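Same chain, two versions here, written out as structure tokens and called structure 1 and structure 2.
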Structure 1
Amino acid sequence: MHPESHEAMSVLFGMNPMWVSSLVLIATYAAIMSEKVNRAIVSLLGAGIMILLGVLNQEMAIRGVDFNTIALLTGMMIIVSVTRKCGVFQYVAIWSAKQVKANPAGIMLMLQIVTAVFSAMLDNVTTVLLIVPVTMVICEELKIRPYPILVAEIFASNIGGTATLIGDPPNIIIGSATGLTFNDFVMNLTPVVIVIQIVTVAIFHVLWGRKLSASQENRERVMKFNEKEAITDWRLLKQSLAVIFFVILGFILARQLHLEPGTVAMSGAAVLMLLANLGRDAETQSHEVHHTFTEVEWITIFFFVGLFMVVSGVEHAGVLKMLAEYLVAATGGDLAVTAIAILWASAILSAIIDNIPFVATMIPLIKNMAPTFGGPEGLLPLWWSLSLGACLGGNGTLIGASANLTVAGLAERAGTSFRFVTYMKIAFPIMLVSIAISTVYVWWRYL
């Protein structure tokens, strides 16, 4: 289409592309952090400015977008938005509460496990969106404070999300950019995640769980819940679970089947929409499909699209290569120092700022370090450090991850308020514990 696309672009007014692109990047990130304007708008504007200033042309900008990530996110969001309607999440939560005889400490434990498992398979925000309302109902019937359980769920969702390729956006971007498979993520991250989850469960039990108590009468009430009534559509339930099963199987077998995660997720989404709409008339279908697409988190999707373009602008201008060289020089080209620096820096930074722009910038930067550490293979410890730091760091403050803010928002509406400092006093030390465990793990296994 554009033969000239591979040649260097001439920036407006002959300015230095390195400075212009860095300026756009910094302004975009500053605007995202200030939260004055919606992040999707900011990142799209940043991308637009990169193109208007001539740092990129449209074709280069589009090539900078990681469509595997976009397809994977969109596909999973569609699958979840169809699945959630059938009530399976409520079913599982109530069933697990009844398994422990509605004993509050047991419920806290079970809900953490349920949240962690769902978060590993689905998006964290979706998981908490589904688990928090039913948690509030259960707590209200038991007449216990929901706050401890909600905090434990925040941790479980961020920890669970760390375990798999699809659990948390940083992992999706890392997997997509490096070609690391679903199985690679499971083999390398799941073991340490299980350890961290067990430690966290224990901490919350000592801190809160053992002190929670509910009267026999209130526990009776929860035991009388009929979880089967939570299922609103049995046919849809079977269809969704079957599709999710095949999608996960697809992720596991991706390499053998020569398929990429984006294709697997989008195909799963198409098949599920097909099953859910079969037998309906044209108008109902069009209404339902439109509604399903509307439920995709477009703000997140466009945020990613814009961000990828902004990052590809600075990358193209050579800024990231230069930064990578500085970083390597600062750590003296030592792998252990670099891995641990990345782990701790991303944990602390992710606790205070959005981890997605951070990870999106770090990826090309780390890739530029490949020559120092003996090619792409040598970078593996760095990828796992980045993922652990970025995902687990989100637990540190209320604004560290979108799931935290979602829980706080839902709880607020139902009358339980979350305070920034109160939360941080408990959460930040626990987060540091998880990073200490990760350091030991990375050290022992890779360095």
Structure 2
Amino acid sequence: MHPESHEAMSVLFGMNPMWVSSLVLIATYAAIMSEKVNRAIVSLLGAGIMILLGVLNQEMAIRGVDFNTIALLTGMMIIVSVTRKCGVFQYVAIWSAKQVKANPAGIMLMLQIVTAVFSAMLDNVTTVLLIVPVTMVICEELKIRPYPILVAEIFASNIGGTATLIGDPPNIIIGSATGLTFNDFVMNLTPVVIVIQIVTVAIFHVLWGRKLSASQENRERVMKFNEKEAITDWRLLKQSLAVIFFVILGFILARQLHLEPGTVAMSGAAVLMLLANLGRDAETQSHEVHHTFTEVEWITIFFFVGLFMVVSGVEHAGVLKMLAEYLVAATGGDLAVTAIAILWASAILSAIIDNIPFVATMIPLIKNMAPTFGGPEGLLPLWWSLSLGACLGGNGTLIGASANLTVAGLAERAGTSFRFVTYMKIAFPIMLVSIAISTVYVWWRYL
């Protein structure tokens, strides 16, 4: 929380900012869940109400927006939009499908593995932006419903993202606040992530995979495809792959280069648009750039802008801090109890609110517990519990993580609807299974 926030807050009619901000947050989430009004409108309206009621002023609201996340999302959406034109995603789609003889259950398995591995190396939002168009192409050709495969991919992206420092925003925040390195995350989190991914793949196979079927005719048609014919522009393909390579390198070396992932993504987007438009006249360039910008998921972008402001209001009012302190007090200073409590609380809360502000609020509180647990070294189990809870908990609802909303946005644009409650009924119990496995792991390895 910013020190000036208390001075800046003069809530209308002298009402309690904690109550006001909590009610606005609850009303915003209730409206999102009802799906009567578009989620971008709801979140922006919630942000406006926070400011009008005096919980935030405009400056504080804007400071509450995580522009690194916004820039990262927008930049990668632009890169994907330009890259899509050369046909590389169709190439990957056809190649993937042919590896498993166009069997829908095999395709579901393969795309989950690809998504999880990519999410560990890229951030998970970028991964779903690359994988979802591929999935849509395959499902269209096989005449199967894409929804089950897309839900499995959401889980794979958030689980895979948990494995590394750069895979998920909460890990980036924890790493920079504690000095934990890329290797620390790999050594401590990757083993349990592999187990959770295997269990999740099995659950999705039993739930949906084994029931997916495509006619022999549709499967044969996919097998007859020549993936090389899918590439329509070899020059753009080379340019796109070169830019994507340097963007990924930028993500990996971001700390050494003192760059934020948002800067890397936006710079990559600008370079790729420049390369794709070199040698064209001004009118053609305007048309191409306009077309590229129309393919950005603006509903998702503005939903995040509003949501960051709403959560910032709750944070400024001290609600998140109060919840975190209550959690610490309730565990009575026992390391094992505190670690497990942080794991479960992070998971449940990250499913309901964005995990980024929650993690940011928890970090100073956990650091203050160092004397209780024998110095910074003693806090390691708590950091891993926070990471596992916040990253995996995001799977629980459609608004729990950026990747979920990105998939939902892309799917809805292609005509596959994602309903909040329908998703939650399936996702929340599976998320709890992953947290149960994490509990056993944290207990066994650290406690």
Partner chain sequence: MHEPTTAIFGLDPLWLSCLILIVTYAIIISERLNRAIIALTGAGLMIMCGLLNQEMAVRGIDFNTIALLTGMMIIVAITRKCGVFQYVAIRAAKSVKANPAGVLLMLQIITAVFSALLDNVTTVLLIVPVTLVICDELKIKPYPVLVAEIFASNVGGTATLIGDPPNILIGSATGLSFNEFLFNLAPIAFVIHIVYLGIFHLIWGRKMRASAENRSRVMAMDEKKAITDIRLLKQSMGVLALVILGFVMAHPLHLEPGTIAMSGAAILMLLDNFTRSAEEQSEHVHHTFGEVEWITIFFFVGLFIVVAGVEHAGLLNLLAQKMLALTGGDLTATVLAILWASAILSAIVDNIPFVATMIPLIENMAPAFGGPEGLKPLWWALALGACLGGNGTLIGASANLTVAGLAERGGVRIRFLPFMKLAFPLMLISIVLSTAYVMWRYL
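This one's a predicted model, so the numbers in the text were calculated from it and none came from an experiment. All residue numbers here refer to structure 1's sequence, counted from 1. Think of the rigid core as the biggest set of C-alphas that the two forms share within 1.5 Å after superposition.
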### Query
1 or 2: which is the form predicted on its own?
2
### Task
Check whether Q285 and A265 fall in the same rigid part when the chain is split into two rigid parts between structure 1 and structure 2.
yes
### Task
Determine the rotation of the smaller rigid body against the larger one between structure 1 and structure 2 and give it in °.
24
## Note on the structure
Once the two forms are overlaid on the core, the CA atom of S96 shifts between structure 1 and structure 2, in angstrom, by 2.7
#### Entry: Cα displacement of A230 between structure 1 and structure 2, core-superposed (Å)
5.5
### Task
Align on the rigid core first, then pass along the CA displacement of Q239 between structure 1 and structure 2 in angstrom.
9.2
